[in-house]
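Okay, here we've got a single chain as structure tokens, the form predicted alone, with questions on binding and movement later.
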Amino acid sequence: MINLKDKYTGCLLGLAYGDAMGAPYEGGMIERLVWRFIGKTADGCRRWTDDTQMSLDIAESMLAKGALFQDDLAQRFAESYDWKRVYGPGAAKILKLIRRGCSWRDAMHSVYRDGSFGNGAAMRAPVLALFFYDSLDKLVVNTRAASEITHSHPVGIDGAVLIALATSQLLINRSKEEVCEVVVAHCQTEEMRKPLQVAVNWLQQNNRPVVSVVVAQLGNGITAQKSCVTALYIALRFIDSGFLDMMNFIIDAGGDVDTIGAMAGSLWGAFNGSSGLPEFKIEDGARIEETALRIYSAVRC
């Protein structure tokens, strides 16, 4: 059986791998052309996007503070902002306002009156599972708090909770059925409930629809309801297959490839560990692995 330490590194590296592998296929012709020029480091490593950056921000904030403090996390998000990480336009506006001294509470609502329901909170939620995998109640509370800084809409929060809970269950070797039971039990919005039921039915019946059907019924977009269940379904479908098989399916699905890849990659890595990941030259790979081990040590001591 894969040890928990390997699962920690697998989860965070899987997130970064999925992010970096998916980034070149993100967006239209112009976005892909830009990434062709900025998508690799000088030594040939594949760069990651805001998905990995904000996940590392959460890890560093909680390791430094010993708990989740929204003000500190918001400031770290803002200080780390860099357009080359291809942040979404809404998140970019929020983080620029925070950097200029605006409260994150005011900044977030000045951009989205009712809060964002994008998948930006979900993409970084796996890190919270590394801190709170042994307490579902604490995991939900902290995931909601981390989400509120940029994505306070109930659907955006629901998507983040879904990914965090699924990650926590895969870390402790729960079956696909058990993962689905926990996620369904905590789902609070109809927007997430509908695609989730479709995905659960497919998994229960061992139905393996083609890419076009998955996209049509679950989505591949930037909103939480069009990507979080998609990532969960694909990760569970390929949980006993190779990481690259999963990523090829995600790339074929198109849409928000880097974020769906990051979410699915973290789930796959949480179950299979870093030893199951392919050889892949990634930006700051040693730092990412070290961060995962620091979290493991902080949680297990």
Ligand code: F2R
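For every residue, the number given is its place in the sequence shown, counted from 1. Since the model is a prediction, treat every value here as computed from it, not as a measurement.
Although not depicted, the form predicted in complex with this ligand is the subject of the following passage.
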Query raised in the report: For Gly219, is any heavy atom within 4.5 Å of this ligand in the model of the complex, or not?
Result: no
Query raised in the report: Hey, in the model of the complex, does Glu26 get a heavy atom within 4.5 angstroms of this ligand?
Result: yes
Query raised in the report: Would Phe132 sit within 4.5 Å of this ligand in the model of the complex, counting heavy atoms only?
Result: no
Query raised in the report: At the 4.5 Å heavy atom threshold, is Pro154 in contact with this ligand in the model of the complex?
Result: no
Query raised in the report: Any idea which of 81-89, 135-143, 165-173, 201-209 reaches within 4.5 Å of this ligand in the model of the complex, heavy atoms considered?
Result: 81-89
Query raised in the report: Even though the chain is shown alone, can you say which residues of 256-271 have a heavy atom within 4.5 Å of this ligand in the model of the complex?
Result: Asp256, Asp258, Thr259
